[in-house]
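In structure tokens, one chain follows: the form predicted alone.
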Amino acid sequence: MSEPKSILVIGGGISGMTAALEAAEAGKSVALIEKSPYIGGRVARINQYFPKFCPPVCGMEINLKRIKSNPNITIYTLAEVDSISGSAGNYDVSVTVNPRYVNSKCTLCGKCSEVCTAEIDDDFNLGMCKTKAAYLPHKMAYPRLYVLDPSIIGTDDAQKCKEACKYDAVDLDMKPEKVTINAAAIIVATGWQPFDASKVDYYNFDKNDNIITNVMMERLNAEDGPTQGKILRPSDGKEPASVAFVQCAGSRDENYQGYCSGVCCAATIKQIHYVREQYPDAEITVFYIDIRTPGRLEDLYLKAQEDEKVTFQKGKAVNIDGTSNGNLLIEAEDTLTGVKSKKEVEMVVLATGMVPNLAETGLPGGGATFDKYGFIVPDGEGIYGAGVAKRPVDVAVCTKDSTGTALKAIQCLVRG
């Protein structure tokens, strides 16, 4: 099947959604593809934005309303690019759309989930809990359709799901579909993934449940998260009386990520607010190389410094070990003086940075240039990076950047 389109957007996160909307509302035809069963990307997992501590739900809702009402946008979820051929003005992109095993007749009744006994790791909550293998990805998921995990296809569970659906929405015969999209320009908004903290041996991240990452903390404080919004120690469900935030976890380190992700310091200060809001007496320590909160975010940092329960301790964490009483001992070294210090806490949050999703794979079929870290370098016509695919930035910058990228794609279309 061939679908002629003017602009192809790869990635349905905030950058991809923004670029698609700006191009579509300028009257251009857009195809948006996303590998997950829903659009929204990492922003859908965020509990609150900084510096205003507001939820992303309202902005996401507005964007989804704009998308639903715009006939110029065609969305393919569970879709991945196989190959790209052609040049600026005339690309042919081969895409595989994987089966959802649920069709558009779905009414969200949830009967399939009720009868399903199999469970899988909850990807939306970063594997911190389980979900049924017949599931709605999250409360604001779009498309608003359930999904059957491929692992249960051919099992009794899948058959139970089909029999439980009185609307004939469960289709176990769905197969992968090949789609060819003709595009004048391609916007790559493939986003990011958190740095794998287990790569740093001395953090012992994969050996102690009470060492979590900043993205995991975001889900712990979310009402639809694994603990219904309560920040608890994963090992025993205890309310932590002391929490340490370790900055630059793998970042600004020639052995791992040589760059700064730009948003981690502000994200940590936001998460300090999470802890202090739930536990006013909790002691918080931030181990840092230096705090980077430029512009309007400096006020956020200054306010945190005024909190008598928060200590900013200059030092790079060089070892984190469990103690006999179930706590954690952090050893840090001041990057200027070399002086070492130790601190015992009940929970550790690693501020891991952003790794571009195309860092290892690149773009199928080529056509784009990447720097040594895997970010797209803007050096040509026809294929354009947007948001974190180009560089580590926050949500506000992503939306502005993606708007500009949409304009470049439209210009390419007009020139073509």
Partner chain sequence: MAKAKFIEPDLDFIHEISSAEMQKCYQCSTCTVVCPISPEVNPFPRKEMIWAQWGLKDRLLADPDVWLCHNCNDCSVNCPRGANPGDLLATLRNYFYTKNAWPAFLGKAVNTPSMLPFIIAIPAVLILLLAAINGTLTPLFPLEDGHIRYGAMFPGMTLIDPLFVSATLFVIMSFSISISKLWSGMNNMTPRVPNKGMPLVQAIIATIQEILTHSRFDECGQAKTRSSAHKALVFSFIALAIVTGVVAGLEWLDILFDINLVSSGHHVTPLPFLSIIGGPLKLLANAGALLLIYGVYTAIMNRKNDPEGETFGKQTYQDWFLLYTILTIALTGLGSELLRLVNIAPIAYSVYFIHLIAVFMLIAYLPFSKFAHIVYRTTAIIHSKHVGRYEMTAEDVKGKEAIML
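Positions refer to the first chain, counted from 1. Owing to the predicted nature of the structure, the values given are computational and were not obtained by experimental measurement.
Below, we refer to the form predicted in complex with the partner chain, which is not included among the displayed structures.
**Q** Counting only heavy atoms and a 4.5 Å cutoff, which of 308 to 316, 180 to 188, 274 to 282, 117 to 125 contacts the partner chain in the predicted complex?
**A** One stretch meets the cut-off, namely 308 to 316.
**Q** Just one of G154, P176, G237, G338 has a heavy atom within 4.5 angstroms of the partner chain in the predicted complex, so which one?
**A** In short, G338.
**Q** Just to confirm, with a 4.5 Å cut-off on non-hydrogen atoms, which of D82, E344, D253, D209 contacts the partner chain in the predicted complex?
**A** Checking each option against the partner chain in the predicted complex, the one that comes within 4.5 Å is D253.
**Q** I'd like to know if E331 sits close to the partner chain in the predicted complex, meaning any non-hydrogen atom pair within 4.5 angstroms.
**A** Yes, contact at 4.5 Å.
**Q** Just checking whether I289 would be counted as a contact of the partner chain in the predicted complex - the rule being heavy atoms within 4.5 angstroms.
**A** Residue-level check for I289: yes, a contact with the partner chain.
**Q** Any residue of 170 to 206 with a heavy atom within 4.5 Å of the partner chain in the predicted complex counts; write them all down in order.
**A** The stretch touches the partner through Y202 alone.
**Q** At a change of 3 Å or more, would you call the C-alpha separation of T335 and K199 in the predicted complex closer or farther than in the form supplied?
**A** Farther is correct, given that in the predicted complex the C-alpha spacing of T335 to K199 is increased by at least 3 Å.
**Q** Did T335 and P356 drift closer or farther in the predicted complex, going by a CA distance change of 3 angstroms or more?
**A** Compared with the form shown here, the C-alpha atoms of T335 and P356 sit farther apart in the predicted complex, by 3 Å or more.
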